[in-house]
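Taking the form predicted on its own, here's one chain by itself in structure tokens.
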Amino acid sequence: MATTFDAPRTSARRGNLEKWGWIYMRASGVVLVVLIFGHLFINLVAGEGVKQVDFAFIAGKWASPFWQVWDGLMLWLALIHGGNGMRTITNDYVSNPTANKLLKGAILVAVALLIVLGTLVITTFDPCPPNAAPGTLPDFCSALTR
């Protein structure tokens, strides 16, 4: 009688991480389609089209918490989605364990840094800072101080 051996099992944690990464990619992809097409419609089609997009347009948009959440959610989902995709590519094509860990670490640092910086820009954006030189402010700021 022949002896059979079971295939080596990967740790449950790794398999679970891959499963949740797969689910995240599908779910975030669907949400991103809605967010991105909404973003493109509002910025490029509605109103005066692309001619309306300038500093004042963005300042007015980000004055609303709705658009801050919309753009922040789009930023977070897109960066994590892209980082997870790069992690998957790294796992598939980089066989050297050291290089694999280095590349995945670099991806993690890049994604985390861009999320932090992007979130700071969206949440702390002030088109009319109080101590700015008057010549450097947009025209609509002078109307706000009167």
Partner chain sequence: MVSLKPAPAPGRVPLPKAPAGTVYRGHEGMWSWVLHRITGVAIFFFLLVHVLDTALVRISPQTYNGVIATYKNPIMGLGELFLVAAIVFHAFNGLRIILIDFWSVGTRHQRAMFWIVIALWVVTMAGFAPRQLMVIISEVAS
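Numbering follows the first chain given and starts at 1. Throughout, rigid core stands for the largest set of C-alpha atoms superposing within 1.5 Å between the two forms. These numbers were taken from a predicted model, which means no experiment stands behind them.
One more form of this protein, predicted in complex with its partner chain, exists but is not displayed; see below.
Taking the partner from elsewhere, Phe37 is found to have a heavy atom lying within 4.5 Å of its partner chain in the predicted bound form. In the predicted bound form, its partner chain sits within 4.5 Å of a heavy atom of Ala132. Its partner chain in the predicted bound form comes within 4.5 Å of a heavy atom belonging to Thr136.
At the 4.5 Å threshold, heavy atoms of Arg26 reach its partner chain in the predicted bound form.
With the partner omitted here, the residue from Val69, Leu117, Ala99, Ala63 that has a non-hydrogen atom within 4.5 angstroms of its partner chain in the predicted bound form is Leu117. Within 4.5 angstroms of its partner chain in the predicted bound form, the stretch 43-65 places a non-hydrogen atom from each of Leu44, Val45, Ala46, Gly47, Glu48, Gly49, Val50, Lys51, Val53, Asp54, Phe55, Ile58, Trp62, taken in sequence order. Taking 2 Å as the criterion, Leu117 does not count as shifted between the shown form and the other one: its C-alpha moves by less than this amount when the rigid core is aligned.
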